[in-house]
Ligand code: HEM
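Next up: a single chain in structure tokens, the form predicted alone.
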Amino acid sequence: MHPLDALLADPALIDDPYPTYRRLREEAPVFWSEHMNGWVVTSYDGVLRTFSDPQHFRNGGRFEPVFDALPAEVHAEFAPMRRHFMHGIIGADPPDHTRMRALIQKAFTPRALDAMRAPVQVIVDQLLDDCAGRDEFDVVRDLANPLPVLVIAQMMGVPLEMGPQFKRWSDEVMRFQSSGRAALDEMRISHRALFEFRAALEDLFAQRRAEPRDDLITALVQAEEQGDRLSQEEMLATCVTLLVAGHETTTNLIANGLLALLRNPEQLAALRANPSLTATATAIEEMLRYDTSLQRNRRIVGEDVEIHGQHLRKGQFVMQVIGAANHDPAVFREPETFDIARNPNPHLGFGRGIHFCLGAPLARIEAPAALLSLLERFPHVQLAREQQDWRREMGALRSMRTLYVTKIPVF
């Protein structure tokens, strides 16, 4: 095995990927990986190119290599899952992507997002109330996990009592999406969760057609652009994507951001000293850069293309290493330093180009509300344990299983 491939295959990559990213950027910013069975792109300009050039780097079909790698005898078993990822905005390129994005964007108006600020704060306050009587609590379990699930469920019109079930389905679907590997046991878990998820959504679609409400599912059911509507398959795939992406990456942003603050007390003190909207927004952008929620994404080469002297061929798989791009010293001064005043900060944490994250404005509402409220309510928190348990099963996500903090009493 090539030494760089050995680094990519090392389980320690999950615990601290940044030394490996640095070596890849320096030695082979576009590297053919036998382990990944594709190109690994780690430079900022390379990753930006893969986001910004949909002609050469396509979104549609990016999960096909995973299904193709399955044993022939199980192809029929996973055919429904394969079809799911061919529909919806997650698997689309122009012109279909352009059409669907225009329809879906109608449900993500500035007015609709601004209306979520007060409900988000109410949910944050309720979650922190539950932590108030404890000297130690788990930020992942008690705040970062439930907050985005409850917010996206409320926004979409999913009954709140279904939130934990939707969270489980989302986690299990994400295990497939983030790993990109053909492990049969894992894929069967994701496959079962996906179709339980879809069945619940189909029931909600039927309810909203019969009794429209002021929620995102109703808006998607009713969305129309020049006589066009989302098909049932497109709505199912898109709603799964919104629910999965709408909570998992925000959970990681809140938890990873707090971890960075607690490990850099001078930055925590600076944020406490200036919790203005502008300063907080700059801090959130640095959290998105410094320990990016979605570390890796994928594309398929649409036409032969050259990057960094490497010739990529049509149909080959490309791994966009966003976490590496966000630490590229060619773009970011002292990239290993956590600096909440960093400006400019052209990070790629939400992607770029036509596939820029639809939920970015919502994440930029939730994360400040969660972090500022926690630091205000519990001004003397500190890490309860220095070593963190990173979730290996999530593959491409930078995701902690727990983040315990202790509230230090003031005498």
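Small disclaimer: the values here were computed from a predicted structure and weren't measured. Heads up: residue numbers just count along the shown sequence, starting at 1.
Omitted here: the form predicted in complex with the named molecule. The next part is about that form.
(message) Checking a candidate spot here: are A245, T249 and C357 all in contact with the named molecule in the predicted bound form (at least one heavy atom each within 4.5 Å)?
(response) Yes: each residue has a heavy atom within 4.5 Å of the partner.
(request) Using a 4.5 Å heavy atom cut-off, indicate which stretch of 379 to 387, 32 to 40, 65 to 73, 51 to 59 touches the named molecule in the predicted bound form. (result) Result of the contact check: 51 to 59.
(request) Name the single residue among R198, H97, K167, R175 that comes within 4.5 Å of the named molecule in the predicted bound form, judging by heavy atoms. (result) Answer to the contact question: H97.
(request) Taking 4.5 Å between heavy atoms as the contact cutoff, choose which of L294, L147, V139, V158 touches the named molecule in the predicted bound form. (result) So the residue touching the named molecule in the predicted bound form, by this definition, is L294.
(request) Determine whether any heavy atom of T241 comes within 4.5 Å of a heavy atom of the named molecule in the predicted bound form, and answer yes or no. (result) Residue-level check for T241: yes, a contact with the named molecule.
(message) Please determine whether R299 contacts the named molecule in the predicted bound form, using a 4.5 Å cut-off between heavy atoms.
(response) Because a heavy atom of R299 falls inside 4.5 Å of the named molecule in the predicted bound form, the answer is yes.
(request) Classify G349 as contacting or not contacting the named molecule in the predicted bound form by the rule of any non-hydrogen atom within 4.5 angstroms, answering yes or no. (result) Yes, G349 is a contact residue.
(request) Report whether the minimum heavy atom distance between V318 and the named molecule in the predicted bound form is within 4.5 Å. (result) Although the named molecule is absent here, V318 would stay clear of it in the predicted bound form, with no heavy atoms inside 4.5 Å.
(message) Suppose contact means any heavy atom within 4.5 Å; which members of 325 to 342 contact the named molecule in the predicted bound form?
(response) The stretch does not touch the partner at all.
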